[in-house]
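First comes one chain, alone, set out as structure tokens in the form predicted alone.
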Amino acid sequence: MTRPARPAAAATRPGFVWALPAAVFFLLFAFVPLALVAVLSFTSWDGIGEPHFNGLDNWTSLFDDPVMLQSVWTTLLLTALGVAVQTPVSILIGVWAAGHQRNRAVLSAIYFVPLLLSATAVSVVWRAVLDPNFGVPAQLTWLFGDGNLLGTKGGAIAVLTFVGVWQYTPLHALLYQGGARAIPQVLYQAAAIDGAGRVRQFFHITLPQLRNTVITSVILMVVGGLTTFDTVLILTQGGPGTDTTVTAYYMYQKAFKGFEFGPGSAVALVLVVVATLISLVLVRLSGYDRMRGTTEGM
């Protein structure tokens, strides 16, 4: 009895060996460092000598630390503000950039320039632009008062949100541009025949077709917002006081400024767990793990 022939797709499917380099890379540069951080979170170590095991001392003191709890809420606030502002702006710009307007390509290229800059360079530039002594706020005192936008909690939060939106909106707009261009034009043609204008086409065709792109973009925003560090380091340094101290910056303060690597590792582990849980919740609630194509014929 002859065995049935294997399907062509199964015969050419790559084996585990093809995934081995990526698996080794992930093991060495993600899993092993994370495991070492977990071990350090149960020790007392100043970076010199041998770490000393101290049980749950770091964890008990961490959850009794008001700055730690405040940093988590500040991180969540900045993340929520970033998502709330970036999402509609990115959708509008991305859908516009996907069209055939005059000079669209040139304007899109100019707008996407911030995407090419590092977060450090962007923060340094905005730090100079918003300087209360010689920056823009100092010249427009009728609008900004004393000009010290970073001197109040509300002003500092607003600046951090604005700088994040200014730099990362082009990335998400690019995602929406690609998604909008993948929408079959026959849908718009049929809607136009039925008398639907641009606004109705946007809400009844474009947005539903961009659902998967919206989910992907929001997840990227959330992960990026939860790990914000360099912008806070350069613009506010956690101030005024501890009002803009996010969890990643608090970890830096504990470990690399206070030389308390045990508590700093505990903060880092909390950040990883919170980011992972929020990402999993978003994936489950949004149906990201069950995404299907929304383009015609799929």
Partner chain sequence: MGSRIAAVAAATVLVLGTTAACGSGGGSSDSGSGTIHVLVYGDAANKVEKQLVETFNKTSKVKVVLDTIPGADYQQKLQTVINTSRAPDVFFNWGGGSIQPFVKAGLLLPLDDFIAKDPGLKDNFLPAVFNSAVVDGKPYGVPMRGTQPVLLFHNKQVLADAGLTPPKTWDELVAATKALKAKGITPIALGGGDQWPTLMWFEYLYDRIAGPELFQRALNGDKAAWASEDSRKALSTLKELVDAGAFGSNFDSVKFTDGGSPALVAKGKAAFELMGSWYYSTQQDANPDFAKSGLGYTGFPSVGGGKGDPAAVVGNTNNFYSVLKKTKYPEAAAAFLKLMYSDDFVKAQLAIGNLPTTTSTANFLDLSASPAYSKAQYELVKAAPSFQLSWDQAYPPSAMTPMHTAVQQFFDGRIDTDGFIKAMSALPTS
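Residue numbers count along the first chain shown, from 1. Everything quoted here is computed from the prediction, not taken from an experiment.
Omitted here: the form predicted together with the partner chain. The next part is about that form.
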Contact segment among 183 to 191, 74 to 82, 198 to 206, 146 to 154, judged by heavy atoms lying within 4.5 Å of the partner chain in the model of the complex: 146 to 154
Candidate from Ser108, Gln177, Thr161, Thr228 lying within 4.5 Å of the partner chain in the model of the complex - any heavy atom: Thr228
In the model of the complex, the one of Val214, Leu220, Val89, Val165 near the partner chain [non-hydrogen atom within 4.5 angstroms]: Leu220
Contact flag, Lys257 vs the partner chain in the model of the complex, heavy atom cut 4.5 Å: yes
Any non-hydrogen atom of Gly241 within 4.5 angstroms of the partner chain in the model of the complex: yes
Asp46 within 4.5 Å of the partner chain in the model of the complex, heavy atoms: yes
Proximity of Asn58 to the partner chain in the model of the complex, heavy atoms at 4.5 Å: no
Neighbours of the partner chain in the model of the complex among 116 to 134 [non-hydrogen atom within 4.5 angstroms]: Arg127, Asp131, Pro132, Asn133, Phe134
